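In the block that follows, a single chain appears as structure tokens, in the form predicted on its own.
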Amino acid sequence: MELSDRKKQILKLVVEDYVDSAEPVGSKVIAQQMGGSVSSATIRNELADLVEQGYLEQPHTSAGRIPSPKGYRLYVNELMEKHRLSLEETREINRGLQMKMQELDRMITQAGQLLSSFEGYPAYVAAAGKGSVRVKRYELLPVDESGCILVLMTNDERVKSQLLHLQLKVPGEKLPVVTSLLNNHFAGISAEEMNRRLMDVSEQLAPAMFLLLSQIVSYTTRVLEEANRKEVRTVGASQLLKLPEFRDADKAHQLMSFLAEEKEALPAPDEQSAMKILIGPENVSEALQDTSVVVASYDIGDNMRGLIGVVGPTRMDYAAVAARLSCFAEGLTRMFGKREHGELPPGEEHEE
């Protein structure tokens, strides 16, 4: 049943007051916020209806009400006003992100730490190829007749190296030939395609050259499989201990253990959307069913996608969290887009 405008207004006030205070909200507080336009008796009746319809809950020890997951969902979908970051908030986020480009793994971890400190909640970050991390360039460096060093650069700017012990000796002057073959025929393709091409050239190469090429393809395949696997990092789990909802040590420990040991199960946005908000039982994982998760995606480039999100109580300021997370995601997309310049361009000016 569609809620009346007055019920929606009351629900909105309960959510926003509870977000600020972490205390159940009573009719007297709402009456004051509505400027006396509605009597306390009428507000009590409306609150009772909202409880009966599942939008609010009434703790046994209090006469006040708190939002239910259903109430939060209606608030996020219909009642939440778009939060506009102040100029100073935008500048502070961009100052934090404005750093010299470093290794991808280290950089996204730093972004997660920054987000966690901003929000006061645990944060998680991930970078994953959309199944398509590729080798951009190969180099072979001679060591001696029985070994050489393979250097790979992938399209997400990772550099990997490996000392290869040759089963059959390959003269140093032949290594440029192998390097050229790799860069012309084995760069920019998937691991599966590499194995097919290896079979195609098997009869065209001398045994020593083919064995070397096989070693390189085998190592490269392992690198690509690892790079295409989503690796999630969590930071700031201790932030939970500061929140009233997690004063219960067992409850805090359960969630902290999940963030440490089962973080791969943390939500990601759908391919069609840049952000996802999951409230309480909307989360599949049991450990998250008393929490809310807000997660956004950003573009790393080279068909790579990053994720950045927070895990917090259902009593969170969804509008502010979503606005800040969008700002982080946009800043990271700009930064990776300007990777060749080594730093983030100035942020857009936002009105206060």
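Numbering starts at 1 and runs along the sequence shown. These numbers were taken from a predicted model, which means no experiment stands behind them.
The form predicted together with the DNA is left out here; the points below concern that form.
Trainee: Out of 322 to 330, 289 to 297, 33 to 41, 305 to 313, where are the residues with a heavy atom within 4.5 Å of the DNA in the predicted bound form?
Mentor: That would be stretch 33 to 41.
Trainee: Is residue 64 close to the DNA in the predicted bound form, meaning a heavy atom pair under 4.5 Å apart or at it?
Mentor: Answer yes; at least one heavy atom of residue 64 falls within 4.5 Å of the DNA in the predicted bound form.
Trainee: Counting only non-hydrogen atoms and a 4.5 angstroms cut-off, does residue 27 reach the DNA in the predicted bound form?
Mentor: Within the cut-off, so yes.
Trainee: Report whether the minimum heavy atom distance between residue 50 and the DNA in the predicted bound form is within 4.5 Å.
Mentor: Residue 50: no, not in contact with the DNA in the predicted bound form.
Trainee: Does residue 8 reach the DNA in the predicted bound form, with heavy atoms at most 4.5 Å apart?
Mentor: No.
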